[in-house]
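In the structure tokens that follow, the same protein chain appears in two forms, which are kept apart as structure 1 and structure 2.
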Structure 1
Amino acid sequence: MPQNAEKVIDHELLFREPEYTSMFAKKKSEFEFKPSDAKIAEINEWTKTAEYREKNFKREALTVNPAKACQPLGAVFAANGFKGTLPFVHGSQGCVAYYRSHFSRHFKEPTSCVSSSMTEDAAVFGGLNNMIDGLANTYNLYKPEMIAVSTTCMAEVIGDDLDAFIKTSKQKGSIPEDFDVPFAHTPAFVGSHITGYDNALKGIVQHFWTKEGERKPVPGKINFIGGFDGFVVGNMPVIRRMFDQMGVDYTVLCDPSDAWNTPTDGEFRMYDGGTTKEETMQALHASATIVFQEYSAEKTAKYIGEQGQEVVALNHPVGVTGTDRFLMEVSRLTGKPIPEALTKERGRLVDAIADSQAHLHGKKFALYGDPDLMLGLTGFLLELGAEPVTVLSTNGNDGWAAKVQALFDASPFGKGCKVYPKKDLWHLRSLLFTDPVDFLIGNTYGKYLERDCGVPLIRLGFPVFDRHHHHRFPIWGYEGSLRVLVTLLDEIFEAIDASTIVTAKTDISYDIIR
């Protein structure tokens, strides 16, 4: 029966209806070349072998499903972390639609971002006129306190000069001469989203610190940079709470946690929360800056260090050791003691680990994602007695791989574990077949590996599109580590239940108590 207004069903069932199944079958038979089912099965089995893996790892000219996004996406993330700031991407509307939708699908919140709407003529003659008109429209329509400019591939290939374009736009009256327009060149064909975050954040910090002038150090005052973080909505309140409990004088440089966690109360907030311009300028005078993700803030950290501040570069503080190191560094830099409340919180995490260690010991994991997240999760898995057999990062370099290997070498559970920098998810597919594991940790795109390889996916990373509100829960600190622990255990118990569910056959272990 054809679809009609009286029969409206969800897409999950819609495409199983006879009119669709017959249409798909007809399309395959009449328009598509299709080898025999036997040949397809033969090739599919071959791709699971060590022979195919060797060929797969030799490819150089092709990337298949990389676990990364492009630079401008990271730049938009950074811009959203500053009060009243509208990200402005010098490029096409299609590119900006991708950045907005990517964040909106992950955070389940609207993400404001505009473009200079470059098209074919701008690709030939340059995008100056697009910049002039775009900045004028942005300033007059959306009333931002600041416009943060980044670029896409098109603008970079033709060599548009943002500094010159912004100055010309001001001269032509698009925006006032004293209006803040920090910028960064973020070519999407090199680096990744963490590179773009770094470039954009450095551009913003450098813009305001140059305006501020001479540095006048304030002892005990510190800055905090969280890096590109898909869990920022949950993580940032945890960090602020710990700083407040210690009585620290601090500034968070780039905090989009409110922008992607606005309430529904009848008021639309195009801008919400974020680091103010005054806070950004005063951050120059801090005695030190703590960076949670050294690989997503390399250039920014270097610039800050050049201004005379001590820079402490950490990785995602997931687990006891990572959080301990963070708090001890804060105490050293500020002279503030770690309060009893945080010591108790640590003890509760240790207690929870002890309660559940038997279920985690010896479990084998493969994980993929951004380099700092991989370091944090690898360290935590080793603390739990689990085995991170495969750790892969498309945007991780050889230096990152050496740090992961050092974690392996320092733990008895790291023996036989391997790290793979600059590899993609098609490489990981081969590894899942030839070096099997119990669980997979990564972002939503791993669900195809879960289906193909039969390895349960634990969603920890960016983006998470197919589950709701994971971003609202922290993964940093003792509190966040407990959340990660529960997430791991839930998936382990789900897998046990799934394998013991058949009545009178496997259900002897279908237990009520775990």
Structure 2
Amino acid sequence: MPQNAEKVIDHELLFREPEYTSMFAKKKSEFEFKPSDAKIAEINEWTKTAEYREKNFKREALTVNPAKACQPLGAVFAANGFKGTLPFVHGSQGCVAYYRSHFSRHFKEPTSCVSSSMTEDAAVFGGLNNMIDGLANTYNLYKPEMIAVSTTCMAEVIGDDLDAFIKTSKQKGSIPEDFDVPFAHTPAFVGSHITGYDNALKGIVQHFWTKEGERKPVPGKINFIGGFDGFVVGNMPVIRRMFDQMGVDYTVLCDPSDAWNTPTDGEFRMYDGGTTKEETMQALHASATIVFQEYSAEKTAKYIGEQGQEVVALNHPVGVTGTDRFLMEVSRLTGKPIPEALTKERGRLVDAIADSQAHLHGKKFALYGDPDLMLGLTGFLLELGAEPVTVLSTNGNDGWAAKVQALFDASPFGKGCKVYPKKDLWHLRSLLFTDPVDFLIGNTYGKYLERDCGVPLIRLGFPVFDRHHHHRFPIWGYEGSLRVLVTLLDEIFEAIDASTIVTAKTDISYDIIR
């Protein structure tokens, strides 16, 4: 009998017991009518070849294992960054169940969001009644300070007009006339989750800045926009700490780092932290806005620029030079010098890199993820003397690829490195076979590549479902860069240990000092 009351066996080991393995063999041989094991092995080997890779890269219509999600996910992220705000997604309700699950699996936190639950009748007649009833219910039930509306592809295909619907809802008295309901159309068939973040954020900013009226610039006051970021819980406190150390007058536009980081103390907080309405309105008067992830806020940045602010768009700068550049921009925009404490912190990061550079030098990496994250990590790897041999993004475009190429070209370690825009993880599987690397950087889904291609996965991306609490620690600033460095080094040392662990065979190099 495989199971045992004394020591209960989990699925991990239960199904390796002989009672089960013989059952599986019988099922396979009698009922599954699978191709022969030889045939399966032959095709498996074929998928590793250059010939397969060529066919794979000729794909025009099929996407397999993409590294991107759809717009409304990003819209929910953006809404969650504002105080007392409930995201309201107009369209089919299943989408909202998916966004909530997706975020909760990553952050291990509740994610509140409502749907207007449109069904067949709304597909025919439009979703106006769903909006009217939905806003009234949301307002009464969850007492938000603001409801931020976005759309699913269903509402977009039938052409529902959010502006008109929200106005009508107010006229019908479902919510007070002066209640804030910023909105954004976020069609899932355009762009990705980062586009949705951008649209939703622009919707919110535009709503409050229009309300605020005339801009009265305040010299030295700046805004900060982080972009869609799976590490937001860890990153935002680092950004705030650095601004505080510099004495900067700043506003973070969209900060969900408290909403997704609530304590377990007996109380469920549906809302926690976030940018206030007043802060959002006052942000109009800032002299400049720093966008930390350019591709996550393209339209927002353009809008802000049009209001007369200087916009500095960065590409997820991490590492020494990345953080240097960020801080120097802050200093330039605010006139505040970079304090000694940060210079010292920088020195400690350089110290750590110097201590470990021998282990990083020449190590080959493949990395995939959102376009800005890729630019930031590519820059950092090059700075570490590592080689980002393959850099891939499903939602990165040709312009993005040119920027990555420019990073390659500026470093001797970028020689022979290649960038792949608009490609998915099945493309990457081919690349990992034909252009092998030492390590892979990506999100949780990269573990299938780790299994198939035997390349260790380092989890830096979104989502991370299968490791707990990584998102609680920063990857931005000198502090976050140190954490990225340690993450890389841990995996490098683990790999050496794993390859030297066989007694009397490989363990001559199983060293205790490195």
Partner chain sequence: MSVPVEDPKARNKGFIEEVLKVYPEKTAKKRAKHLGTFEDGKADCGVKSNIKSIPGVMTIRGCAYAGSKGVVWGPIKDMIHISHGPVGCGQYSWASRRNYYIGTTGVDTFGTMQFTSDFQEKDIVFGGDKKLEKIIDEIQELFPLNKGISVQSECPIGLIGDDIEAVSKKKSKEYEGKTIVPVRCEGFRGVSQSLGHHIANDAIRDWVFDKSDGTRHPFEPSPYDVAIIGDYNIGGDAWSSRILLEEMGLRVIAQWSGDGTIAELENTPKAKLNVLHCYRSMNYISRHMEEKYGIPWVEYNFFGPSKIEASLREIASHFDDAIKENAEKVIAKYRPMMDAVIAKYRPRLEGKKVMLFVGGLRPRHVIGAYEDLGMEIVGTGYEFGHNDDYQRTTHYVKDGTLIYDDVTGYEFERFVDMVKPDLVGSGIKEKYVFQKMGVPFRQMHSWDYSGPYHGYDGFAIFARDMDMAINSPVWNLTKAPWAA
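Numbers follow structure 1, counted from its first residue as 1. Fair warning: this is a prediction, and the values are worked out from it, not measured in the lab. Basically, rigid core = biggest C-alpha set you can superpose within 1.5 Å across the two forms.
Structure 1, rather than structure 2, originates from the form predicted on its own. Rigid-body analysis between the two structures: the smaller part rotates 20° against the larger, C-alpha superposition.
Relative to the superposed core, Asp10 moves its CA by 3.2 Å between the two structures.
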